[in-house]
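Below you'll find only one chain, the form predicted on its own, shown as structure tokens.
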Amino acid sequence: MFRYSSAFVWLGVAAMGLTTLPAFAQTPNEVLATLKTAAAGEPNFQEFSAARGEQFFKVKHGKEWSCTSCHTDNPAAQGKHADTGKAIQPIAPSANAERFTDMAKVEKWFKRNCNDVLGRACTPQEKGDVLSYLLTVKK
């Protein structure tokens, strides 16, 4: 009878892709630091401002939408997409621990939603201001 060593078995299992490593999760503050690094290279960069972020979040922009069109005036509440009616989980990290924990998802989210609201990409300054605001929102 042939016996496999446990190391040999695990090597085979790993090679077949049957194990996964835990995903690297970032904190919203780490995401904010990444945004700050990107924004710092921009001309006219100012420190991020929760007040500017709140104003940006609530004011209607070029495409006559604001962030509140889908996310409501309370980012800690569930929202609803303005066109499709699809439910949207709270955007504030205090109410939804999954928000702003993956930089790739953050960039994808900003790309899609800034285009919907502004008709263009958000600047690193705008992204950082909005996240700074959302980090102040309590559940």
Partner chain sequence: MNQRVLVWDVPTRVFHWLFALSFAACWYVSESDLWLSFHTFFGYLMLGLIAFRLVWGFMGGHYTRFSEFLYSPLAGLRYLRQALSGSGARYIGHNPAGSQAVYLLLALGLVVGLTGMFAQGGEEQHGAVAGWLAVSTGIIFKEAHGYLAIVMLLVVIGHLAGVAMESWLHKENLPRSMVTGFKEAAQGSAVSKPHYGVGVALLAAAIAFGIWWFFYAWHEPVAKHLGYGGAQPGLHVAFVGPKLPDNAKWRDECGGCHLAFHPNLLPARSWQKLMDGQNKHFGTDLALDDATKAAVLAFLLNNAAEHSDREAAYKINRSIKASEAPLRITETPYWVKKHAEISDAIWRSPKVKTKSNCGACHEDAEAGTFEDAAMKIPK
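Positions refer to the first chain, counted from 1. All values reported here derive from a predicted model rather than from experimental measurement.
Same protein, other form: the form predicted in complex with the partner chain, not shown, and the subject of what follows.
The partner chain in the model of the complex is approached by Lys105, whose closest heavy atom lies within 4.5 angstroms of it. By the criterion of a heavy atom within 4.5 Å, Lys58 is excluded from the residues contacting the partner chain in the model of the complex. Using a 4.5 angstroms threshold between heavy atoms, Asp83 counts as touching the partner chain in the model of the complex. For Phe45, no non-hydrogen atom is located within 4.5 Å of the partner chain in the model of the complex, even though that partner is not displayed.
Only one segment in the set 106 to 114, 45 to 53, 28 to 36, 71 to 79 has residues whose heavy atoms sit within 4.5 Å of the partner chain in the model of the complex; it is 106 to 114.
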